[in-house]
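Here we start with a single chain on its own, the form predicted alone, put down as C-alpha cells.
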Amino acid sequence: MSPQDADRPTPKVPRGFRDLFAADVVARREMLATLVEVYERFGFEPLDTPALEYVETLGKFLPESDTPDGGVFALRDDEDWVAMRYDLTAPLSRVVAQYGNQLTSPYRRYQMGPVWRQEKPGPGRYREFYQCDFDTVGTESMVADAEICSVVANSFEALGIDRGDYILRVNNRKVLNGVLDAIALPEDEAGQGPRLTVLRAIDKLDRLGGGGVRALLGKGRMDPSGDYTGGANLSPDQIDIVMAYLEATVEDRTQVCARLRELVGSSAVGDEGVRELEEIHELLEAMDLGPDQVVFDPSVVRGLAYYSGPVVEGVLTFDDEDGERREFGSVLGGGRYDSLVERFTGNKIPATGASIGVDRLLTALKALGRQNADRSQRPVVITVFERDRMVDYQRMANELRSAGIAAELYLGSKGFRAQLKYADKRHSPVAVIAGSNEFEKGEITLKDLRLGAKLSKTIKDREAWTEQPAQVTVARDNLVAGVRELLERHGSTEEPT
C-alpha cells in the first residue's frame, strides 16, 4: 500500500447506522403519507422540532459527570450540553411548556422523524431509527385514550393489515398499582424498591412465561447461562394474586374488568383504574372496535416509571409455515403520561399518545407480504440513438414530465442494448425508442418493459415474439397518450409478477 493509499478514508457507515436506497425510502415515504392521512382525519396537526435539544429537556444526564449519559449522543453548545433527541415525546413536552399560551388546549399533534440512541447496536437494532407519534395534551378524558386504539386500527387497516392480523393490548397502570396495594406491597422510594422489581418481573412475561415470572416474584431465577436474578421475595399468597392478575385476560373486556375489580379489593387507585377501563370499553364499542382488535391485557406494563394510567401496545400476527398463529412483535406503544410536562411547569398537564416504530412496522409489512419491494413511479427511459438530436429527445422528456409522467433521458454513452439493460435495472415501465427512421416518419416506438419481462418467460419462438404487444409504434404527436396507455396496463406503478 502506497502512502497515498493509506491517506484515503475508508468508505463505511458508523456502527449502528445504515444507508437506505430507493425501495426502502419510497416504502417509508408512502407508509408515512398513509399515516398522515389517518392522523389528520382524526384532527391531529403536524409538528416538527429540532434534532437537538438541551439535555435538561431530554432528562438524560448525570449531574456529577463531565459528559451526559443515559444513551444520548451529546455535544457542547457554548457552556451547555445539547443532545440528539432520543424520542419525540420529550420535545413535545418542551413545546407545550414553552408555547402553552399560544397552543389550542387540548393540543393534538403528530410528528414523524428520526431519533437517535447511543445504545449497543444489534441485528435489527439501530442507533438511528424513525418514529411516528400522535398525542393529545391537556385533557384527562378517557376519550383521548380510547381514540388511540381507533387511530391505530384505522392506520393498520389503511396500510393493508386486516382485522385478525393485528391486536391492540390495553391495560391501566392504576389497576396494577391497586393490585400491589391489595397485597400490601410498600411504595418504592427514590424510584427503587419491591414494586419496581415486580414490574420488571411482569415485563418479562412474554419472554420467560408464567413460570419464569413466578420465580422472579419469589426468591429469584437462574437462567440457562448460570446468571442469577434476584426476586421480589413475595409470599406465596402474594404471588398467587399477582399471577391471577396477569392471567385475567379473556376476549370479553367486561369480564376482564369484573375480575380486576375483585383483585384490587378496596384500593382507591385500583378502583379508579378499573372504572377508566370500563369507560374505555364503552367508547371502543361506540367506535366499533371489537375484541378481535382490542383486548384488555393486564400483563402490559410499558415504561416502568413513565406511564401513569392507560397503556397500549400494538402487535402484528401472522400464520407460520405450519399454519400456527404467531406474533411478529410490538410495533406500537403508548399510554397516558400526566407528569412529563410538569417537569417544566410545576403544574400537572395531562397527556396521552402513542408511537409507531416506523422501521419495525415496515419490516413487518414486508414479512406479511403487505409491502411491495418498490412502489415508486419509476421513470420512462428515453433512449438515445442519434447524439445530434438530443434537443428532440429532451423535448420528449419535457412533454412526459409536463403531463405528470416520470421520465428520464438516457445520459450515458453506451449503445442501444446497454440502454435497454439500464432501463431494466431502473425498473422502468416503458422505453421510448426513436432513431433516424422514426424521425423521418414522424413516429416513435414504445417498448412495454414490464410486459416484455413477463412474455420473455413464456415466448421462445422468434416469430411469436414479433407478434406480441410489448412493443408498439405511434405517431410522434401521440407520445404522451401512447405512454399513458401502456402505463395503465399495469396500474401505472405495479411491478411485474
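Heads up: residue numbers just count along the shown sequence, starting at 1. Here the structure is a predicted model, which is why all the values come from computation and not from measurement.
If you look for the form predicted in complex with another copy of the chain, you will not find it shown, but the lines that follow are about it.
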Exercise for the section: Find the only residue in 355, 118, 229, 363 having a heavy atom within 4.5 Å of another copy of the chain in the predicted complex. Expected result: 118
Practice task
Could you tell me which stretch in 104 to 112, 259 to 267, 246 to 254, 180 to 188 has residues with non-hydrogen atoms within 4.5 Å of another copy of the chain in the predicted complex?
Solution key: 104 to 112
Problem - residue 442: touches another copy of the chain in the predicted complex, heavy atom cutoff 4.5 angstroms - result: no
Exercise for the section: Indicate whether residue 77 is a 4.5 Å heavy atom neighbour of another copy of the chain in the predicted complex. Expected result: yes
Handout entry: 4.5 Å heavy atom contact, residue 428 and another copy of the chain in the predicted complex
Key = no
Practice task
Answer for residue 422 alone: is it within 4.5 Å of another copy of the chain in the predicted complex, judged on heavy atom distances?
Solution key: yes
Handout entry: Within 4.5 Å of another copy of the chain in the predicted complex, all of 95, 127 and 147 (non-hydrogen atom)
Key = yes
Exercise for the section: Quick one: name the residues from 28 to 48 with any non-hydrogen atom within 4.5 angstroms of another copy of the chain in the predicted complex. Expected result: 28, 29, 36, 40, 41, 42, 43, 44, 45, 46, 47, 48
